[in-house]
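One chain comes next, on its own, written out as structure tokens in the form predicted on its own.
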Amino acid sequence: MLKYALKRLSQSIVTLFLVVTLVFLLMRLLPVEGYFGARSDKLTEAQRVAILDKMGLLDPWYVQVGSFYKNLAKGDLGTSTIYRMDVPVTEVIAPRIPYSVYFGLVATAVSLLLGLAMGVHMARFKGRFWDKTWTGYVVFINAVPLAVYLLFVQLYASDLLRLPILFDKHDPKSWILPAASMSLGGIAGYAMWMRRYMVDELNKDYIKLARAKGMSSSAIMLKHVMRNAYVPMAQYLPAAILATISGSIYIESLYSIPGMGGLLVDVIQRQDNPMVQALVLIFSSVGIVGLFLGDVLMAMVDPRIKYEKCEGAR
């Protein structure tokens, strides 16, 4: 197990290095106005060159990459040039992390509880009324554009349930709609996957044998089907959880939540290149960490996996 985890960890580190480097280089293709801020129109060409030279943006790309990793090792993600001029990026991001983490954890918990329960219910009553009803929900969530049904939830659910339409940290009732909105996609995703895996398990020979021996449907579901259906889902849970914790970019903006997702939208609009670079790198890192944890969790819950042969599992 340790050997397998270390191998996956080394692969994740290499992947993270390549992704971070690629993002860093792509950010250098953006217009340089994002490094000058509001003073852009007032600067002469000589002043622009001096600022870029001071920031090391005129150095060869490999020198810039080396300097970036040296600063990154010190916890330095750069300095904001527009959003909060001359303020370190870490100081801007730090107070926003708790909001994204809180809503991400709540939305993940709701998604798991309702999604897995819905998937089990759909598989157990395959082809019947509730299966068709929940399948309709899954199809709706995947077919209708995100912005459409989230606006519908914000406008109509707020009136129907008499809840605040925008987030207010001093009003707990204003936290309900954002958390619910953030969990809608997860519920549909978990329900779809759980149903699929359970239906696959129900059609296997060992289930038919258990039925032939007289085992009840409830016992078969609990002891065999559900247990084995959870195994393939384990690989995707950490990635899904970490992605949700990172915050839904659109939802945080929609409800004016001061998290990292809403911040990314804001700094992109303002062309604050250092801020955009830092946030994109954070989101990329979270995704890769999630994939690594998924691989390890998959190996832990499924004893049939031979660690030395798992390289081609993905």
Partner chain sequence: MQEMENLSADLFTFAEFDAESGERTGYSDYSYWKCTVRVFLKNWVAVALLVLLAALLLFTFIQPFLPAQKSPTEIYNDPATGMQIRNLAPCKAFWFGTNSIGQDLWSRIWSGTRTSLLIAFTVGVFEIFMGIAFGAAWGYIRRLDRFMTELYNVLRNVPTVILLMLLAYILRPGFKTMVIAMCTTGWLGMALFIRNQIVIIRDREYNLASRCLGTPTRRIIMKNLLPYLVSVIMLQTALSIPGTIGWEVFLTYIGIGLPVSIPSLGNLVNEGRMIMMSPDLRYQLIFPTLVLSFITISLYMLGNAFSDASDPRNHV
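Numbering follows the first chain given and starts at 1. Everything numeric in this text was worked out from a predicted model, so none of it was measured.
The same protein also exists as the form predicted in complex with its partner chain; that form is not shown, yet it is the one meant from here on.
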On the criterion of a non-hydrogen atom at 4.5 angstroms or closer, are Tyr69, Ser181 and Leu237 all touching its partner chain in the predicted complex? no
Name the stretch, out of 70-78, 143-151, 84-92, 103-111, where some heavy atom lies within 4.5 Å of its partner chain in the predicted complex. 143-151
Of these, Met233, Met198, Met192, Leu177, which has a heavy atom no more than 4.5 Å from its partner chain in the predicted complex? Met192
Does Leu18 reach its partner chain in the predicted complex if we count a contact as any heavy atom within 4.5 Å? yes
Check Phe129 for me: does it contact its partner chain in the predicted complex (non-hydrogen atoms, 4.5 angstroms)? no
Is it the case that Gln64, even though its partner is missing from this view, gets within 4.5 Å of its partner chain in the predicted complex, heavy atoms only? no
Using a 4.5 angstroms cut-off on non-hydrogen atoms, would Ala117 count as touching its partner chain in the predicted complex? no
